[in-house]
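First comes one chain, alone, set out as structure tokens in the form predicted alone.
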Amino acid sequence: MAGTDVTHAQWTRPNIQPSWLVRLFDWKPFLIFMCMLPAAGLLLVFLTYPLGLGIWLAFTDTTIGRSGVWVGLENFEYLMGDRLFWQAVFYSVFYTSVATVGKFGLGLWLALLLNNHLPFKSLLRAIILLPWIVPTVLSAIAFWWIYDAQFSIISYVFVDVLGWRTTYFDFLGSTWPARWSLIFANIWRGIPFVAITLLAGLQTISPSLYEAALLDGSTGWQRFRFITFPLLLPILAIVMTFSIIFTFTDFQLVYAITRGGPVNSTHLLATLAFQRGIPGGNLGEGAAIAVSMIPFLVFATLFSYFALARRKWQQGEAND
């Protein structure tokens, strides 16, 4: 009996208290904080610091080669009376609105078309992606060549081949033709992103819903109105938000094709901020123009949030 007690005591595991460090990492809030710390550090260094520096420069008179001093709202007060700034605001909003409508109209049409059973569907999807995968500067140079006053392929076809015109098109020589030419180039480049993303959303809609609607004798428009569009709305809101942000902050396409010309008529806020800040040397003024874009971008983000919130409310879900 005594030997059995000794054996039991020998095999009893000692109750060792964990150290304070182990207990600290076992505490869930601290563990979550430690896991998020690297990501927060990267955001702080690579996102928050440049953004904060840009906002601070907007309130100074900093120029290239000279550190500025705090001037408060002086840069913004100057911009309020700057005709070129308001012209850039108008064209940025117009450019974004028209290009977004064009991209979503054509992108949705392409997505609905590719969602059907078509021959060579995979090949067609790959071809549609081509404008998206081409580098922006390369496509901008291509459009610059297409819009050239002397070497445009469009002018060559209409004048030298078909003989429908006697003079070449001057796409970039005057204000509105140049503006519409840039919008067309932006639509051409943005359609693949919208079409493929919406196509992915269409693939998630159950075919049984369309089969039930067909049995009820619904028309094509009724199926789109009451099945496709409501179920596609969350993706539409997200894609539209990204599209608006990308279009409103567009720089490469406009600067590579027109550099804001003719006579500064095609400047977006991004290109005007660059022109004032870097070639013009007024970093404070350029930063103020860039900061003035923030309210428009916040509005686009809120648009997406409230669209998703409305969709959840329709489905009876609580907002996060």
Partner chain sequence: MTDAAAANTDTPSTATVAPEAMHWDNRARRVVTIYVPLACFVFILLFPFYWMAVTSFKPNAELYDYKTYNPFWIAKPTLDHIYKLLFDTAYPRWILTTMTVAVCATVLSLFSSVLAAYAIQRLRFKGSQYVGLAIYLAYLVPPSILFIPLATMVYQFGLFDSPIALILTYPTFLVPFCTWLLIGYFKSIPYELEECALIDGATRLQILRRITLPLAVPGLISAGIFSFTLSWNEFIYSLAFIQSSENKTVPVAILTELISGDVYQWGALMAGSLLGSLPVAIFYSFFVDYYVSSLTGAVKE
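Residue numbers count along the first chain shown, from 1. Computed from a predicted model, the values in this text were never measured in an experiment. For the two forms, the rigid core is made up of the largest set of C-alpha atoms that agree within 1.5 Å on superposition.
The discussion below concerns the form predicted together with the partner chain, not included here.
Participant: Look at the stretches 207-215, 77-85, 175-183, 91-99 and give the one with heavy atoms within 4.5 Å of the partner chain in the predicted complex.
Facilitator: Going by heavy atoms within 4.5 Å, the stretch is 207-215.
Participant: Should Val263 be counted as a contact of the partner chain in the predicted complex, where contact means heavy atoms within 4.5 Å?
Facilitator: No, no contact at 4.5 Å.
Participant: Given that the partner chain is not shown alongside this chain, does Leu268 nevertheless sit within 4.5 Å of it in the predicted complex, heavy atom to heavy atom?
Facilitator: No, Leu268 stays farther than 4.5 Å from the partner chain in the predicted complex.
Participant: According to a 4.5 angstroms non-hydrogen atom cut-off, is Phe59 in contact with the partner chain in the predicted complex?
Facilitator: Answer no; every heavy atom of Phe59 is more than 4.5 Å from the partner chain in the predicted complex.
Participant: Is Thr228 a contact residue for the partner chain in the predicted complex, using a 4.5 Å heavy atom cut-off?
Facilitator: Heavy-atom contact with the partner chain at 4.5 Å: absent for Thr228.
Participant: Which residues in 107-138 have a heavy atom within 4.5 Å of the partner chain in the predicted complex?
Facilitator: Residues within 4.5 Å: Trp109, Leu110, Leu113, Leu114, Asn116, His117, Leu118, Pro119, Ser122, Leu124, Arg125, Ala126, Ile127, Ile128, Leu129, Leu130, Pro131, Trp132, Ile133, Val134, Pro135, Thr136, Val137, Leu138.
Participant: I want to check Ile55: does it shift between the shown form and the other one by 2 Å or more at the Cα, with the core superposed?
Facilitator: Not so; Ile55 is displaced by less than 2 Å.
Participant: Superposing on the rigid core, does the Cα of Leu297 end up 2 Å or more away between the shown form and the other one?
Facilitator: No, Leu297 moves less than 2 Å.
Participant: Under a superposition restricted to the rigid core, does Gly65 display a Cα displacement of 2 angstroms or more between the shown form and the other one?
Facilitator: After core superposition, the C-alpha of Gly65 moves less than 2 Å between the shown form and the other one.
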